[in-house]
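Given as structure tokens, the chain that follows is alone and in the form predicted alone.
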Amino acid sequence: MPWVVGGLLCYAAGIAYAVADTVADRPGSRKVVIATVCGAVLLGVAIAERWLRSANGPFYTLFEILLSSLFSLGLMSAVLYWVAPLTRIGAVVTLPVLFMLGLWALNVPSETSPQPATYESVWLWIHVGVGKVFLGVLLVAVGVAGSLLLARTSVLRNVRVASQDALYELSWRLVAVAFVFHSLMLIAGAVWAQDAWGRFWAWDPLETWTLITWLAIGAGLHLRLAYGLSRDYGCAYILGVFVLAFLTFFGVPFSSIAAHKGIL
């Protein structure tokens, strides 16, 4: 648990740096990137320590899923902040989301549970891996879109957001990348389901809502390309898709009794 708390403190420092940079109208400092990297590293240590102790992969209980998501989302954010500095403006949105996930993780039972035999599959690892990339890229897209919306509110009315057209275009490019990884997640999940339960698809709650999320992202990309969504509507749509994905992956698995229990 100390490693988890340390990781969250790093994310909190990243929030402070991001807010200070945004208010000073100079978003994108390396301090935000460094704080995010440090947080992800500490959370990675927490996962490794737990894994060695329990011999369970980090994708079964709610605590394990939250912990692995804190690590993967932070890592994906840090990577994109490093290779695409323009995305750093979204840290003022993405890091608070990570911090709230962390507070949630600290308030759920952390005991380990034996994993079923169906989890012993390489396809599960592929399924979970590309799913983590999908959600991480989508989170960064939400950060960029959210920063554009914040710049139009009383919260940051006096803050200038440079290159708004470029940022809006970047947010949808990230959504397109996320859509690719979501598609790969569905394919890998179907292969794993065939290996585990003898069927590719069963319309259980998680499969159904995952497909709905995929359709929502695809519809958004179509609307953007075919009809040119305005900046405000487009950013709001991206936020709505993320809320849908969040509820799908962190809510549905733990509110149903279907074969899917967590995993992401």
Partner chain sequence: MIHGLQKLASLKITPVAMLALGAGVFVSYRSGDPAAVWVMAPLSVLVVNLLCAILVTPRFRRDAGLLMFHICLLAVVTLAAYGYLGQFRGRVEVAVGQQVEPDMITAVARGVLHDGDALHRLTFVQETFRVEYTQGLFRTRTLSRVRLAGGDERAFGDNVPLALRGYRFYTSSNKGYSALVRWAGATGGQAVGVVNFPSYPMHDWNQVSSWTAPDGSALNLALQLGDKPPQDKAWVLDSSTQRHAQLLIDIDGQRIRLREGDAVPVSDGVLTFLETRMWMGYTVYFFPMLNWLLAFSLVGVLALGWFYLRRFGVLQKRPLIGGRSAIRAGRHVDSLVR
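As the structure is a prediction and not an experimental result, all values here were calculated from the model. Residue numbers count along the first chain shown, from 1.
What follows is about the form predicted in complex with its partner chain, which we do not show.
S.K.: Which listed residue (97, 170, 149, 130) meets the criterion of a heavy atom within 4.5 Å of its partner chain in the predicted bound form?
M.R.: It is 170.
S.K.: Could you tell me which one of 101, 75, 108, 191 places a heavy atom within 4.5 Å of its partner chain in the predicted bound form?
M.R.: Contact check passes for 191.
S.K.: Kindly confirm or deny that 24, 240 and 251 each have some heavy atom within 4.5 angstroms of its partner chain in the predicted bound form.
M.R.: Not one of the three qualifies.
S.K.: So, residue 48 and its partner chain: in the predicted bound form, are they within 4.5 Å at any heavy atom pair?
M.R.: Residue 48 lies outside the contact set for its partner chain.
S.K.: Can residue 115 be called a contact residue for its partner chain in the predicted bound form at 4.5 Å between heavy atoms?
M.R.: Yes, contact at 4.5 Å.
S.K.: Check whether residue 52 has any heavy atom within 4.5 Å of a heavy atom of its partner chain in the predicted bound form, and answer yes or no.
M.R.: So residue 52 does not count as contacting its partner chain.
S.K.: So, in the predicted bound form, is residue 205 in contact with its partner chain at a 4.5 angstroms heavy atom limit?
M.R.: Contact check for residue 205: yes, within 4.5 Å of its partner chain in the predicted bound form.
S.K.: Just give me the residues of 206-226, first to last, that have a heavy atom within 4.5 Å of its partner chain in the predicted bound form.
M.R.: Contacts from 206-226: 208, 209, 211, 212, 214, 215, 218, 219, 221, 222, 223, 225, 226.
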